[in-house]
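The chain below stands alone and is given as structure tokens, in the form predicted on its own.
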Amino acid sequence: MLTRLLHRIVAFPSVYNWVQIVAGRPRIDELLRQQFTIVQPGNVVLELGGGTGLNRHLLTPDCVYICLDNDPVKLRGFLKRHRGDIVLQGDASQVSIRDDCMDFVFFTFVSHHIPDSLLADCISEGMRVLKRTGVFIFLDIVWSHKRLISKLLWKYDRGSHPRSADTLFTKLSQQGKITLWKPFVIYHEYILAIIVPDPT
């Protein structure tokens, strides 16, 4: 009952954004900002499961930013703050975008919401729309039984598909070449990874 109520409350875009800040989002932004410096004006960026577009402010304002999510409430919240950007309501496992056209694909804080039967499809779709010179940036929480606070946070998280770092490494490496694998801890354990298309 309590968990269901919390999930409903956090579904509101303003509440969701506030929870992200409390959960350590400013420190995560610092790490992402270091990776996002490679995004140049005019680059086309697709964020899979972009929600309220929490990564948008880390990017140059004159890149082309496309926020794809299946939640119309979050997308409306995004458009209120970013009227010049593009939203697509849809399924990250079936992206309605042609092959080989994105400079960057972001997949952050999404994988733990996706069942095993669809996760490989989501990553594969992200790699499909990526240019051969493009970059796929992955970030998510990983399951760890060692940290008590992490186990408590998982109890109330809306995502119900926690995975170990080893499992995520295997799934990502099957779709491309991993050029960065950075574990870090802020309450939860996280993985930040960069994947590029495999030239073979």
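Residue positions are given as counts along the sequence shown, with the first one as 1. None of the values given here were measured: they were computed from a predicted structure.
As for the form predicted together with a small molecule, it is not shown, yet the points below apply to it.
- By the 4.5 Å heavy atom rule, the three marked residues Ser117, Lys177 and Ile194 all fail to count as contacting the small molecule in the predicted bound form.
- With the small molecule omitted here, the record of contacts in the predicted bound form names 61-69 of 128-136, 163-171, 38-46, 61-69, defined by a heavy atom within 4.5 Å.
- At the 4.5 Å threshold, heavy atoms of Leu54 reach the small molecule in the predicted bound form.
- At the 4.5 Å threshold, heavy atoms of Ala92 reach the small molecule in the predicted bound form.
- Looking at His113, you'd find a heavy atom of it within 4.5 angstroms of the small molecule in the predicted bound form.
- For Arg25, a non-hydrogen atom is located within 4.5 Å of the small molecule in the predicted bound form, even though that partner is not displayed.
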